[in-house]
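Below, in structure tokens: the form predicted alone, a single chain.
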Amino acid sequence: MNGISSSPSFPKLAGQYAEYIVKQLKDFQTGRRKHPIMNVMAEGLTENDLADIAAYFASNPTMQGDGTGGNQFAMDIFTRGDMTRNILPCQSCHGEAGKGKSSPAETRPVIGGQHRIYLREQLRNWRNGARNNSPNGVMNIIAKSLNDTEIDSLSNYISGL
């Protein structure tokens, strides 16, 4: 197995930044992020386990999209945002083609090539507050400004990157 989820409901983790994976697993451990399976699975992981799991996924080739998700609205939101609605450009945090950004201060995840269904679900979770573990709540702010049709368009676009 190369670290790529074949189920569209679960994230692809291949090539994801190790620091991001560790943060998410710790958020599952503490309950800051909730998922009935992941909270239990992360519960007993040690610091070494977290580092090993993250290193494994990070060492795989970064996920790639199939290039089929393009539409003008989504491309505009991804590259330019819409400041009239408090929507920052996705690429300002997630990098060109959604390949993420990492610095000593913060790691922004790879999202380009992620499963469309997973992206859609996460954006809806950010919007309704079921997920709230982004820095300064930025994803909640952005997602609250998107309707279902826009979330679907953006998910299709990002999954194709």
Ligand code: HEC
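All residue numbers are counted from 1 along the displayed sequence. Computed from a predicted structure; not experimentally measured.
The same protein has a further form, the form predicted together with heme C, not shown here; the description that follows concerns it.
Please determine whether Trp126 contacts heme C in the predicted complex, using a 4.5 Å cut-off between heavy atoms.
Although heme C is absent here, Trp126 would touch it in the predicted complex, with heavy atoms inside 4.5 Å.
Is there a heavy atom of Glu106 no more than 4.5 Å from a heavy atom of heme C in the predicted complex?
Looking in the predicted complex, residue contacts with heme C include Glu106, since a heavy atom lies within 4.5 Å.
Could you confirm whether Gln24 comes within 4.5 Å of heme C in the predicted complex, counting heavy atoms only?
Yes.
At 4.5 Å between heavy atoms, is Ser153 in contact with heme C in the predicted complex?
No, no contact at 4.5 Å.
Is every one of Arg33, Ile87 and Ile158 in contact with heme C in the predicted complex, taking contact as a heavy atom within 4.5 Å?
Checked in the predicted complex: all three residues contact heme C.
Of the options Gln29, Asn133, Asn60, Ser102, which one has a non-hydrogen atom that comes within 4.5 Å of heme C in the predicted complex?
For this set of options, the contacting one is Asn133.
Interface segment, criterion being heavy atoms within 4.5 Å of heme C in the predicted complex, picked from 64-72, 89-97, 36-44, 51-59:
Among the candidates, contact is made by 89-97.
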